[in-house]
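As structure tokens, the next two blocks hold two forms of the same chain, structure 1 and structure 2.
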Structure 1
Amino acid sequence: MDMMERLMNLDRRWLYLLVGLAAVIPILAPLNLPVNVSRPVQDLFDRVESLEPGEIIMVSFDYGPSTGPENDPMGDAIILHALARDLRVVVIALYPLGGVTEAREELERCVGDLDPPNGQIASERFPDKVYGRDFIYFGYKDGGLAAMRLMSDNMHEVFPADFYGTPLDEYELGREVQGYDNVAFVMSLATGIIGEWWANLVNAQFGTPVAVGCTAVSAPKYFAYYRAGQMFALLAGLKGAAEYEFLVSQKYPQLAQITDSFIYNAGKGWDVQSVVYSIITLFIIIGNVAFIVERRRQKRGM
């Protein structure tokens, strides 16, 4: 039996094992593969860098656990970047299938554990940052477009209290955010259509700058909004998250230490994707070459 026949008869379990190892090893021992930063990602980084300390950004968690591997690192990076720049962060959730827990989990990954606060609680990772003054979690609101529309007029009517049940008026940051006019931009971490709503309604009708971090499968449609100017920046899938994480860690090495402590971050995920896709592509090529060679042999033997 020659090499081609061996390849054609290779037990598929060897391929499964190889792909499994390729998925696990880069997480345990990151390869730190090169990252080329695209323009839509650079636009987000530059916009955050251009803001003055004390300005407010809103991060909307518009996805659930099913797309967490792509969206979670985006949430980590934007929150960490904003706090490192001394910006203030308002976190909300509009996705009904797990968005409320995703938002809290990612916020806690960035600032440390948050018990229900009765006033002020300091961040573990940013000792000078205080809940209610520098960052706050408004919680989840159902209604999608209706909630977005109402937030432009009266944010407190949509979110009368924060996630923990404390009235927003009891927090300094809560009192300051009355509508979209009080935020520098909105960052939507999206799966499905909610990111489009931010562009179609909030940007188009109210002029609020919008950036979106979407799953890779949704990226083609979101690029249309980006090129039309309805989104000023776009993180497309895990690759976009890895690019943004790279920019943030290069500018703020102390944040790289935080993300490196996460079991899963965008850099590790991009290593996994790159290696696994390379292996799959290699075996597709080998399989097709072996098939062509075998078919030619059969024709010669006729």
Structure 2
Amino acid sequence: MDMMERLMNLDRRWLYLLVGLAAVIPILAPLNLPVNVSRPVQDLFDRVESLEPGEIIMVSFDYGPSTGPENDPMGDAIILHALARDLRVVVIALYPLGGVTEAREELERCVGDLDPPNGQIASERFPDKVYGRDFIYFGYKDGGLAAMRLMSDNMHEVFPADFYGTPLDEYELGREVQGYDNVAFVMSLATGIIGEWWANLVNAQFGTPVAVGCTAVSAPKYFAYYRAGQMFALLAGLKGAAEYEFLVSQKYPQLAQITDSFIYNAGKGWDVQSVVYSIITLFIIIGNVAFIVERRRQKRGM
């Protein structure tokens, strides 16, 4: 077997080894690769910037641990951005397998450790922010579409108490949010189909503005909704997350310090993805060169 043939039929494990190395090294030694900000991401940033202090946004954690590396940094960036802009944040979770823990972890990563039932409600990172007034976590609700539909009429029926079991009425922010009319927009951090439901149901039927942060795998599908105006902004995969994180850290250097302190953030993830993309691209080109050379040779031999 000559070299060209060997290249074409390369054992896939060599490729796996390279991809594995490319995934580990940039996390340990960040490359800080640049990102180009795309329109759908800029749309989200501009919308958050355009809101008045005190307005409320809702962040829905509609993913589980498996897509955490893509969705987590999106959640961090939007929560940090909103709090830096003095917006108020309502966090909910609709994904059955793990959304509830993802939401709590990302919220605590942004504001610091919380224990509201035992009185620990002040944010460590944002000294003037308090749980229940500036941000709140309603917890998880089962039922996806049905829950979303009900939330428009009566938020408190869907979430009678917050994540920690305290009735919503006991918190200022909890009392204020009775339905979608009270929030400026909903940001869904989605894997699979829940982001589509926000567009199809909540945006289409109730007119609530919706933005989605989706995994790269489902991005092509979400672009169709973005183009149709059913969502006003779209963070597509790690790249979208990295772009948003970049925009936020440019405008608010104090937030850049926070995200830089994370073991993992979108910037590091984007380094990994860029390198892996490059490896795949390189291998596709090599494979095709070998393929074309081999085919020419066969034709000549005939």
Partner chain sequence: MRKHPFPEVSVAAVLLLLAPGYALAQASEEITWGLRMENFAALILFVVFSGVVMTFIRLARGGRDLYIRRIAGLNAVEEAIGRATELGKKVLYVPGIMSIDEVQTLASLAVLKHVAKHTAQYGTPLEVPNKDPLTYAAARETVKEAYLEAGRPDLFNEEVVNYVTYDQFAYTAAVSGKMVREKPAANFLVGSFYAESLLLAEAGQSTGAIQIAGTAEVAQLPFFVTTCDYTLIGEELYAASAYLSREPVMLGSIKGQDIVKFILLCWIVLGILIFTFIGNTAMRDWLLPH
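We call the rigid core whatever largest set of C-alpha positions still superposes within 1.5 Å between the two forms. Numbers given to residues start at 1 and step along the sequence of structure 1. Predicted, not measured: the structure shown is a model, and the values here were computed from it.
Student: Mind telling me which structure is the form predicted in complex with its partner chain?
Tutor: Note: form predicted in complex with its partner chain is structure 2; the other is not.
Student: Supposing the core is put in the same place in both forms, how far has the CA of residue 22 shifted between structures 1 and 2, in Å?
Tutor: Displacement of the alpha carbon, after core fit: 3.2 Å.
Student: By how many angstrom is the CA atom of residue 295 displaced between structures 1 and 2 after fitting on the core?
Tutor: Residue shift at the C-alpha: 8.8 Å.
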